[in-house]
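What follows is one chain in structure tokens, specifically the form predicted alone.
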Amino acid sequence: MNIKNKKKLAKNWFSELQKIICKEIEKIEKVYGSNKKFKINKWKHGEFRTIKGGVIEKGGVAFSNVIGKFPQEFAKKIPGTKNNNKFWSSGVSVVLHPKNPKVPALHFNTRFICTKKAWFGGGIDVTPCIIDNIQKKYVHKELKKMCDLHNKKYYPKYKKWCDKYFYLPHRKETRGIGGIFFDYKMDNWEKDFLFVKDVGKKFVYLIDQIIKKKMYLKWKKKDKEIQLLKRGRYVEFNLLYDRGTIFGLNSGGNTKAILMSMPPNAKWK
């Protein structure tokens, strides 16, 4: 398959996945009784959708397809840019900040990037502010089950990568309970694409399973305080270390779409 067809298939999937994720979240809002819908914001390289609901205090689901040139210095960090800093990229990214402190924040993204090389990247991670070891085991069990369908080596490798990636060195602490993270995936395009699609489908499933189990739980003011402090850590990670944020700001991405991952409010001690 030529690169043109690969780009088209990846782009169409990311666009479709954006719609599927938004529909799933709107269904949850309807069950809860808020009936809130996503606001659609279009721009020249894609579309980002945002929601402020009864369950999701602030959520964003962005689809992008950006073609351009990397800044010279940034290009040195990207594979396949020697003597040519042109790139093509498409992907979908999601951040969900729940209103209820007992519901964890959810993050997901998958992308396909082409320079002289072409690869997939992405991942799923969960950030609770209140510890729940049963939920942690469940999330990792589901991710392992999905990874094992493709390759038994994927889960331990991508879990370890996620644990290392979602870590705040200046705080000496992890951002959440982890998940899976992968990048520069260019082994076999067809197999890699099937894996990326399954990662997206698993995230849709986890949205439903995780949020519905906890969205009706009662919470106290002290729980909200814990959540706001945890969100502060989220902000620190996204602005200092997040590859998606850094990539977006260095590739002509939409600033509003890139920074939609910020929580609606946060606190620092």
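All of these numbers come straight from a predicted model, not from anything done at the bench. The first residue of the shown sequence is 1; numbering continues from there.
Although not depicted, the form predicted together with a further copy of the same chain is the subject of the following passage.
Q: Here the chain is shown alone; which of 136, 171, 116, 160 has a heavy atom within 4.5 Å of a further copy of the same chain in the predicted bound form?
A: Result of the distance check: 171.
Q: Using a 4.5 Å cut on heavy atoms, which of 30, 69, 243, 52 is close to a further copy of the same chain in the predicted bound form?
A: The residue in contact is 52.
Q: Is residue 267 a contact residue for a further copy of the same chain in the predicted bound form, using a 4.5 Å heavy atom cut-off?
A: Taking the distances in the predicted bound form, the answer for residue 267 is yes, it comes within 4.5 Å of a further copy of the same chain.
Q: With heavy atoms only and a cut-off of 4.5 Å, decide whether residue 239 touches a further copy of the same chain in the predicted bound form.
A: Judged by the heavy-atom cut-off of 4.5 Å, residue 239 is in contact with a further copy of the same chain in the predicted bound form.
Q: Are any of the heavy atoms in residue 58 no more than 4.5 Å from a heavy atom of a further copy of the same chain in the predicted bound form?
A: Residue-level check for residue 58: yes, a contact with a further copy of the same chain.
Q: Find out whether any non-hydrogen atom of residue 235 is located within 4.5 angstroms of a further copy of the same chain in the predicted bound form, and reply yes or no.
A: Residue 235: yes, in contact with a further copy of the same chain in the predicted bound form.
Q: Name the stretch, out of 163 to 171, 143 to 151, 192 to 200, 87 to 95, where some heavy atom lies within 4.5 Å of a further copy of the same chain in the predicted bound form.
A: Checking each option against the 4.5 Å cut-off leaves 163 to 171.
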